[in-house]
Every structure is written in structure tokens, then in C-alpha cells.
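Single chain ahead, written as C-alpha cells, the form predicted on its own.
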């Protein structure tokens, strides 16, 4: 088995394990400081105007009405239209939309090729068409085209607008250049060697069987190598928002459970309030020994 196949196994495992580690880390973080930002998407009948169940008289005596449909609607709206980018940075909306739709198509095609490779490996004929052919060729060209144009437009805007250039971090440019290099290698493989993605399907089928399928092309090797680098790097960059946004939205932005006696939130809050404080600011005067309860008591005296 060659280096490229080992690299594929290692980077796929690194991607999965990195995403799992990040997800577990987010899920087990201490309780956040309540933002009290409205509207909350799951507020039934009140989300449209930014209302809350706290409006109700004696709200603690009444059952809370929430809507999973409201959350799903907002999430799909953001994923499919990038609504917040359009509202807060309209100049970046079209490039971001093209870029994201290109990635959606390419990630979906990768999953389809993986399914096709598995189908070939086990001899399941109904799905073997996903391992390469005309459909995958059109699918890949559309995804690469949208992704490449979107990436170029985003890079031009960040380089061409002084204010945006100053506010961009080095990582912003690293990510865009990494995508351009990946797309260039993918275009090279597509144009010169694997337009139907049959080789990609065969390569993945070989990985599923534990067999080393010859890459057949330097462009294909470059594509697999750079894609592996991207996959193993992605969970540790801010590109991980593709799944960490679940936690920042559901567990922070929309989390509005009341802190009532005997609830899990009360127990978590009591535990956190007993942590030592080391902030040296005059209004806190933490010495590393007194707790947040001590700080609150001192503030009230």
C-alpha cells in the first residue's frame, strides 16, 4: 500500500476524530453567560417580533410552548441563503453564496462517491452509478466552478478593500489560498485525467476494500494530497463553524431555559459560583481565593 493510500486513511481519520473532539469539547463546556438576545427561534408565536415567554404573567406557572419548526426554518434559511451575511455585509453576500454552494455540492459529491465506492466494494449495483459517470462529471464541474469563482471573488474583495483587508486575519487569507490550490489541483485532475470521477470512485472503493488502487495521475495524487491536508486542518480552524454553529446557536444564542429552584441550571450555576476569582480589576479585586459568591456579596455591601 502506497503513501497516498496511507495518507488518505490518516487524514480521513484525523477529520472525523478532530470534529468529534471539537464537538465533545463544545458540548461539555461550562454553562455560558446568558446573552438574552431575541428573537429566539423556538419561541412559538413570539419569535416574529422578538418576544419571550417572560412576557406572560406568572410565566413560571405555565407550560412553555416551543417550536422545533421555528429553529429548523431559521437554520435552513441561513444555510441556503446566508441571510446574516446579506444583512450585515451585503458586499460579501454573492461571493460567499457562490463559495458555500460550491462547497455544499463538493461535500455532497464526496459523500456520493464514498457511497458509490462502498457499493462497488460490496457489489451493491443500484448505487454503483455514484462511483463515477456523467452525473458525477456535471456535479463536480458545477461544484468546482462555483467554489472557484466564489473563492476568487472573496480573495479579491479582501485584498482590494483597505478596510476589509485590515480587519482580515492571516487565517482568512490562508484558508482562501488553500481552497484555490485545492481547486486548481482538482481542475487539473478533472481536465486531464478523471472527468467522470471514475478514478475517484475506484480509489475510494479500494480504500473501502483495503486495496491500493493506482492513482494513475500526478494531478489526481496532488488532489488527494491537498484534500487530505484540508480535511485534517479544518476541525482546528474557524472553518469548523460548519458544525460548531449548532452549539453557538442552540446552546448559547437560543438557550433560554429559566433558572428555577431544583433545576439542572440552578445546580450548574451554584457550582460555577463557587469557583475562585483571580481578576485584579478594581471592581472585582479577585485574589484567587474568594469565589464569585464572595464578589457578589462584596458588591452588594
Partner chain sequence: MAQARINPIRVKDIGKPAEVLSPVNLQELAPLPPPFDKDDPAKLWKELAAERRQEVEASLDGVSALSLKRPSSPEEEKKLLEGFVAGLKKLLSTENNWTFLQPLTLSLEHCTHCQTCAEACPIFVGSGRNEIYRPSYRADVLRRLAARYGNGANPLKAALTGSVDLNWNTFARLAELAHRCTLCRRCTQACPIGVDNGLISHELRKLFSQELGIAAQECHRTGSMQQLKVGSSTGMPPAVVKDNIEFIDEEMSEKVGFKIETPWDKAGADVLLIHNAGEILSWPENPGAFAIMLEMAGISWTLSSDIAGYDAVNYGLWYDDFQLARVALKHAEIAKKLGVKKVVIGECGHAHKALTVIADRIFSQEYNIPRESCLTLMEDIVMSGRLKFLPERNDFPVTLHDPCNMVRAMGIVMPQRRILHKIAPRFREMTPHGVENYCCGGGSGFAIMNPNNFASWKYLVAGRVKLKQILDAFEGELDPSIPKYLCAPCSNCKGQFRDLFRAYNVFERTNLLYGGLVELIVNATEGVPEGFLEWEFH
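Here the rigid core means the biggest group of C-alpha atoms that line up within 1.5 Å when the two forms are laid on top of each other. Positions refer to the first chain, counted from 1. Note that the structure is predicted; figures quoted are calculated from it, not measured.
The protein also exists as the form predicted together with its partner chain; that form is not presented, and the subsequent description refers to it.
The candidate stretches are 144-152, 192-200, 210-218, 80-88, and the one lying within 4.5 Å of its partner chain in the predicted bound form by heavy atoms is 80-88.
Proximity of residue 25 to its partner chain in the predicted bound form falls within the 4.5 Å heavy atom cutoff. Under a 4.5 angstroms non-hydrogen atom cutoff, its partner chain in the predicted bound form lacks residue 71 among its neighbouring residues. Its partner chain in the predicted bound form is approached by residue 170, whose closest heavy atom lies within 4.5 angstroms of it. By the criterion of a heavy atom within 4.5 Å, residue 65 is excluded from the residues contacting its partner chain in the predicted bound form. For the residues 122, 164, 229, 135, the 4.5 Å heavy atom test against its partner chain in the predicted bound form is passed only by 164. Residues 266, 269, 270, 272, 273, 275, 276, 277, 278, 279, 280, 281, 282, 283, 284 are the members of 266-288 with a non-hydrogen atom no more than 4.5 angstroms from its partner chain in the predicted bound form. Once the rigid core is used as the reference frame, the Cα position of residue 252 differs between the shown form and the other one by less than 2 Å. Superposition on the rigid core between the shown form and the other one places the CA atom of residue 286 2 Å or more away from its counterpart.
After superposing the rigid core, the C-alpha of residue 275 moves by 2 Å or more between the shown form and the other one.
With a change of no less than 3 Å, the CA-CA distance between residue 171 and residue 33 is larger in the predicted bound form than in the form shown.
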